[in-house]
Structure formats: structure tokens, C-alpha cells
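Single chain ahead, by itself, as C-alpha cells, in the form predicted alone.
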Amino acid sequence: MKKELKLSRRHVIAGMAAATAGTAWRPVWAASVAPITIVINQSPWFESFRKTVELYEAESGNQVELDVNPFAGSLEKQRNSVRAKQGQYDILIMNSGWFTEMYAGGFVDPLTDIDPSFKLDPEIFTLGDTVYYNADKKTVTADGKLMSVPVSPLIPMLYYRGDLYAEAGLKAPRTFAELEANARRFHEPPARYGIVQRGARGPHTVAYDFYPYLYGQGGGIFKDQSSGDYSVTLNSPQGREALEYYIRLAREAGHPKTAAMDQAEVIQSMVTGHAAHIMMVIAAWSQMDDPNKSAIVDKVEWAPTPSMPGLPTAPGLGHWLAGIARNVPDDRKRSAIEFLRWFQTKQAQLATAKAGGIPVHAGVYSEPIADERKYRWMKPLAEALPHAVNVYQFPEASEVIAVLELGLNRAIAGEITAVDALNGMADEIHAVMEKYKYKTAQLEPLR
């Protein structure tokens, strides 16, 4: 790879030395290590990761190959690789929807089993302690082994037109009622929609965008995963309010083809000036001010996703974690450890931010960069991250996600009512949990 970040070797080494003073970290360029291959998805944050990898290669002299795939293709390749006699991929970039599958299946090695001296930087976001796994309890918990290093702490944020808000004398909405009122106010179709939402069915598409509404209303999918209680609560009154609200926004202040809208279309609506609000993963932030892509440069602001009065913002984690495959040679495992050791440093994460990515190191959010206009999303994100919800803590999550994708899409398209969708999805999710012998139960159907 060619180095694209224009940071001198002297600058990077000096910065890393300062950022990691007092730790056990040592420069990776002190010794050559075996080449490694990372399997990763194509996403809005991929370019920043690629540039960070190129910086690592330039400073260390070590080689990293990136195998880039669509979301579903990345998962398929990971599943095939970890089940082979010898894996093709050394580092697996795992999504929130399937990392537990990799942990529970024994497909990734605990990092400290590879190198007992490896430690997670104390300022790295652990994202609901999802970097750990306790095999005895079969859940993610801080008393488990360190399994991964966060790569991208993705959560959805509210993107809104700051220029429109300034003209109207409005403040960023904190509640769902405020968001709806403001979306209606700025709804001038077809020139501009009050809000554009994602409604298309995919591998983890409409469900992911629905989570802030569901949890922000005080609802949820399960009663208490951390304690092993997988009673299905999706079709609660709070779940009904959340879905009916989502549909109402789409029909009365949103895009007429919401059920067909995927991430790219939602982002495009915003950057072309055809949306006053979107609720989108923070990874798309850099596109808003890119003059080659955006007609609204410097006009977008960010805020935590709204919630009901008295409840905190509750965005669902859609984050990515880097784990090391168990079925690869030991020299490649050690090479992977060296990359992760470097990647988690404050200076590497600062470079990630400057490349358009989302840093996983809390210290970056208190750097002067966070006060720059270009990075105005950083402080709202830092406010929201502690409230992010880890939606799934079990390895069969992909089956539940598939149920949600179909049911939510059909409800948004108007094929079935919100009540029928919620009751039907709850029945199917309950059947999934029963099939895998989890402790589960159901609510009475909504009427």
C-alpha cells in the first residue's frame, strides 16, 4: 500500500512515544514480523481504516493485506475461513451482530493467550464490555478474557440541518416529540423531506436504524440478556409506540419510498439537501462536508439520538471489533498482535480521526481536534457513547436479526400493521430462543 497520510516518521514516533509513555508498548518497527491478512467490510469508515493501515505499514515496514467485501460477504468469508483446517484470514473485523458467534465458537483466540503481556489501553472504549467473553457464563462480561480490540465505535447519531435550525431559532431535539415537530416543520416535499429513514431489508439494515427508537422509548427485544433471561419483550407497549412512531414519521414527514431506502440512499438524501434530518451511523460524518459529495458543506450538526423524557439516549451498538483467528500459524498471530498493539495507541487513533474515521481511544476526544469545526461531531458522540446499547449477547443473533429485517420492512411498507408485525416477530424470535435452549418466555400478544 502507498502511504497517504502526510505525517513524518519523526512526528509519528515522537507522538506515539508521548501518547504511550508509561505503558508496555514498544515500537512495532523494532523487528520485522510476518505479513498478515485482514478481512473487512466495505463501509463509510473503511477509507480511514485503510489509511491507518498504510501508516502502520510505512512506519513499521510490516505488510498488511486487506480483503474487502460487502457486509454479508465479509461474514461469509469469516465463517468459511475459521472452519477450515488453516484459516485464510489472520484478523477478523467482526460486527456487533456476529462477534459473539466467533467468541462462543472458539474461532478467535484470547489476545492474552497469544501474548500474556498484551494489555488493552485503559482509555480504549470497551463498548459494553464486548471485547471480553466469559466462556463459563456464555456472555460478554468484564470478568471474561480479552478477545478483541475495538476498531470502530459506531452508533447512530442524529444528523440535522444546523442552518435551518438557526434560521428557526431551534435547538437540537432531545425528545421524540421535539424531533417529530421539527421534522414536520421542515417537511417540504419533494424538495426536502422532514426526515429520511432507512426501511430496506438487508443483513442488518432497518433493524439497526430502528434500535434507537425502540430502546429510546424504553422498549427492548429481550428482558435481561446479562442475567440469561431471554424472555421476548419486543411486542410491549413501548415497542408498539416505537414502531408506530417510526412509521408515522415516514408517512407524514418522511420519504414516500422509505421501505426501499438503504444506507446509501439515506446519506444521499442528506448530502443533496433533500433531508432536514437523518438518524445515521456516525461513520458517514465526513461525507457531509466533502465538497465533492455534498451540497450542504458546513450546514450539518450532530446530536445524540432522541429519547422519551426522563430516559437517556439509547443508540444501538453497530461497532466493529478486531479478533485474531485461532486457526492461523503462530507467527501470523504474533504479527496480528503487533498490529493491534499499535492500532490502539492514542497517536494511531488520532491519525484515524484525521483520516475521517471514528477513534476508539477516549483521549482523542479531549484533544484540541475536538474543538475544530471540522470535527464538531466528536463531542456529541462522546456524550452518547456511554449510553450505547449492546443489543445482542448470544451467538445466534443473526437469526433474530433476519426476523426483524423482514418484519420491520413489511410494516414500514404497509403490508402489515405495526401490531401484527410486532406479534409475529416476537413469536419467531421466541421460537429461535427455544430452539437453542435459552431461558425464554413471551408477552401476551398486542391487540
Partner chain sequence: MTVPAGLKMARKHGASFGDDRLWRWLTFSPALGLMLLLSVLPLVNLLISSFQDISWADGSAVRTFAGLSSYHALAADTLFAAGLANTFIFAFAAVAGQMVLGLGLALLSSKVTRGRVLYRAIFILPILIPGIVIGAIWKLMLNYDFGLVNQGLALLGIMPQDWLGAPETALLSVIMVDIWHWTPFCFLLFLAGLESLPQDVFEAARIDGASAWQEFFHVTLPLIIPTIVVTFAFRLVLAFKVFDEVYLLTSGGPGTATEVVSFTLYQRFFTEDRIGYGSAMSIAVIFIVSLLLVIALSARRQAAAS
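Residue numbers count along the first chain shown, from 1. Between two forms, the rigid core is defined as the largest C-alpha subset superposing within 1.5 Å. Worth saying up front: this structure is predicted, and the values here are computed from it rather than measured.
Quick note: we don't show the form predicted together with its partner chain, though the next part is all about it.
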Looking at 255, 361, 341, 277, which is the one with a non-hydrogen atom within 4.5 Å of its partner chain in the predicted complex?
-> 255
In the predicted complex, the residue from 389, 406, 58, 34 that sits within 4.5 Å of its partner chain by heavy atoms = 406
Segment that reaches its partner chain in the predicted complex - one of 306-314, 124-132, 75-83, 178-186, heavy atoms within 4.5 Å | 75-83
Residue contact check: residue 201 to its partner chain in the predicted complex, 4.5 Å heavy atom | yes
Is there a heavy atom of residue 333 lying 4.5 Å or less from a heavy atom of its partner chain in the predicted complex?
-> no
Taking the shortest heavy atom distance, is residue 228 within 4.5 Å of its partner chain in the predicted complex?
-> no
Residue 265 within 4.5 Å of its partner chain in the predicted complex, heavy atoms = yes
Any chance 105, 326 and 415 all have a heavy atom within 4.5 Å of its partner chain in the predicted complex?
-> yes
Those residues of 414-447 with a non-hydrogen atom no more than 4.5 Å from its partner chain in the predicted complex are 415, 435, 436
Has the Cα of residue 267 moved 2 Å or more between the shown form and the other one, judged after a core fit?
-> no
Could you check whether the CA atom of residue 233 moves 2 Å or more between the shown form and the other one, using the rigid core for the fit?
-> no
Rigid core fitted, then: does residue 301 show a CA shift of 2 angstroms or greater between the shown form and the other one?
-> no
